[in-house]
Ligand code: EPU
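One chain follows as structure tokens, the form predicted on its own.
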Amino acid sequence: MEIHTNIPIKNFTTMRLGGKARFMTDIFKTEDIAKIFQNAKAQNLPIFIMGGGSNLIARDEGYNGIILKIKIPGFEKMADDINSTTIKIGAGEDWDSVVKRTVDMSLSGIEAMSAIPGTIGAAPVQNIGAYGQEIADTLISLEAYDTENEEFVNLTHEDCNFSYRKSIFNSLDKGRYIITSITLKLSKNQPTPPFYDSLQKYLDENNIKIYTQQTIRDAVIKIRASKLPDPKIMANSGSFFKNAIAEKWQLDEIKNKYPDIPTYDMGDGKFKIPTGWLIEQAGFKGQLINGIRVYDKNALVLVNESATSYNDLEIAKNQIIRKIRDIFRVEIEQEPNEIQ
């Protein structure tokens, strides 16, 4: 295990912003986590966990601690029956590579989350999801290092307290657990309609009538490629804002002026509104703000075209949030995590 010093964080995040990390190291073995944590604690050094850096924003001041890049491997079949297969996966595995592998095994449950960048360990943190699926649908447990009690633990699905783009790992117990593996229970059944609206539309338009894990994966990859810029070519962190959640009274107000607003009924009087739609209606699509471009194919994405600092990004972000609040009386939130 080699520890590096004064490493530019921008080289490890897809938004390509941020100062230097005082220390950084790669973690390939679970036991190394306990060693690093105890050493860091003795030196009063904070620790930050990094996966693929695709859903992460770094500030200009950098990080005065140690960043652990989790690269723990593993893909093991734990159980198998007539209806499902249960698989344990190392936190350092590439998310999309795992999706491909499960699709090749004719397993359902995560195929609609194809082409999402990042690592397995990061998936439960914000309960990643796309096109009607989310990690909470299939995750039955995970293993992690509990920095509070300094021990490795097994957390159940219920322990994670999943909700829309939320879990204990980015809310109540943020920073407490270092995820080392997750266990998913995937179905052997073929995907069945109705599918998420935009996915169903693509399938209908392309006359796709036979639904398999592979046809769904292929469709999602093509949809995402048409809407999301490749971070290797254009610096971005994917969807920069979470979809807005509105109360019924808020939605009723908006519908008075925008009767065709797209919504999704979440129950309990709450409705999801596509934030990309809100941003587009507010006139931001394609705009350049302080070197940050609102992507012209998907207003939910902010592209770092010429920004050189976190401050540039913050100005653009806040300008968009304020205008959405002023126009629609809805508060939108940043989706990527921040190193702090």
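Quick note: we count residues from 1 along the sequence shown, nothing fancier. Bear in mind the structure is a predicted one, so any value in this text is a computation, not a measurement.
Keep in mind that the form predicted in complex with the ligand is missing from the display, and what follows is about it.
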Candidate stretches 103 to 111, 221 to 229, 249 to 257, 173 to 181 - the one whose heavy atoms come within 4.5 Å of the ligand in the predicted bound form:
221 to 229
Sole residue of Phe241, Phe195, Tyr145, Trp95 within 4.5 Å of the ligand in the predicted bound form, by heavy atom
Phe241
Quick one: of Ile245, Ile208, Ala235, Ala130, which gets a non-hydrogen atom within 4.5 angstroms of the ligand in the predicted bound form?
Ala130
Please tell me whether any heavy atom belonging to Ala299 falls inside 4.5 Å of a heavy atom of the ligand, as the geometry stands in the predicted bound form.
yes
Please determine whether Asp26 contacts the ligand in the predicted bound form, using a 4.5 Å cut-off between heavy atoms.
no
Is it the case that Gly291, even though its partner is missing from this view, gets within 4.5 Å of the ligand in the predicted bound form, heavy atoms only?
no
Flag Arg59 as yes or no: does it have a non-hydrogen atom within 4.5 angstroms of any non-hydrogen atom of the ligand in the predicted bound form?
no
Can you tell me which residues in 267 to 300 come within 4.5 angstroms of the ligand in the predicted bound form, by heavy atoms?
Pro274, Gly276, Trp277, Glu280, Lys285, Asn298, Ala299, Leu300
